[in-house]
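Before any questions on binding or motion, here is one chain by itself as structure tokens, the form predicted on its own.
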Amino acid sequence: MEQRRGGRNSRRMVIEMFVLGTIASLAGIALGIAIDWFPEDASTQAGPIDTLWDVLVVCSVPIFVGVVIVVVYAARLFKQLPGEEELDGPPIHGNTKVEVVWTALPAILLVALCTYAFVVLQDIEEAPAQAAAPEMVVDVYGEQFAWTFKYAGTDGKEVNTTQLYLPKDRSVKFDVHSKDVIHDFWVPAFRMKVDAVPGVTTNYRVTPTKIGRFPVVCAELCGLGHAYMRQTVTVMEPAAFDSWLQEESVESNAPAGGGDEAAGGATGQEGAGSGSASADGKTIFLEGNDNGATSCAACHALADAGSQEGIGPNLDRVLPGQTAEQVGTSIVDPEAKISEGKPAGVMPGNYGEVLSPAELEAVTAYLVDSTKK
């Protein structure tokens, strides 16, 4: 073993390792920066985060290459040969200077990178000092397996929606909540994410910079339907967003009663076919209730409600022709019949408990009436 160690010019070996490591590091850094790791960036926070990623690549690749080269050379030079199975390795005192260097340099690098990351985090979390419009606050609610969003409407009353709409170039603060288990609110194009924790309000802010539609996903395993907990955020021009918010404010705060009730007809708790029952049913479909009923619109597409398809089936396709009894059974016993192409075990099975008989009747009547052809 000593002969193998001394039979090779150590200086030449070190130079060879350095040259190979430099070439491999430069190639790895170039490849790491050239790879398009992330989706399209669509917020002011995305730029600093992408730059931080590039810095980490530049620092990490040479370290990885250096470790690999040392391991490969050590395995090649000091591998065990036949007949050496019973031999002990020669005693080595070590090199104090080298030990100090390989302890100090990584420590300095880690402190520098952590400091840089902290500065980036502080910068992207700060509200804009000067903004053309005041910062908007959106409450985000995660539940198995959908997101719902709450805005302050133009008249000061709440606007609830299952699809997220945001104005371009305006700071938005998300207050994130969970109704059941831990979720994680993440818009990859914004680069920001935070856990939704039961009983705790977490938050972060972004300023969207691009018009378009971007995925909203859950980044925390939250149950059988986790992979389907996907919705979209639509970034709009400020004027278009203001128009949308005003329309939603009017619709969300319209009187619950329909024409029949105004004429002295049945209330929402009487007769499933009444106009007010449909109105109350639509409200429950869109928002759920305070007793723990999940918003149906978060998972199901229904043209009359303006909701988009999620983890659940499109109701405009599967409900026509069904009786009120069949629809009601599907609500309280969702496992009785699973639509083709949709997963089992993800729709809450507690609607029979969290909806009162009158609410269940109202939702059933609304679904039957709104899907008639």
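Since the model is a prediction, treat every value here as computed from it, not as a measurement. Residue numbers here begin at 1 and follow the sequence given.
If you look for the form predicted together with a small molecule, you will not find it shown, but the lines that follow are about it.
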ask   = Does each of 311, 351 and 363 have at least one heavy atom within 4.5 Å of the small molecule in the predicted complex?
value = yes
As a check of understanding, the residue in 294, 283, 171, 249 with any heavy atom within 4.5 Å of the small molecule in the predicted complex should be identified as 294
Checked 29, 63, 338, 56 for heavy atoms within 4.5 Å of the small molecule in the predicted complex; positive is 338
- Query: Would residue 47 sit within 4.5 Å of the small molecule in the predicted complex, counting heavy atoms only?
  - Reply: no
Does at least one non-hydrogen atom of residue 306 fall within 4.5 angstroms of the small molecule in the predicted complex? no
Exercise. Using a 4.5 Å heavy atom cut-off, state whether residue 196 contacts the small molecule in the predicted complex.
Key: no
Heavy atom of residue 318 within 4.5 Å of the small molecule in the predicted complex
yes
Partner contact check in the predicted complex: of 72 to 80, 239 to 247, 173 to 181, 294 to 302, the stretch with a heavy atom within 4.5 Å of the small molecule is 294 to 302
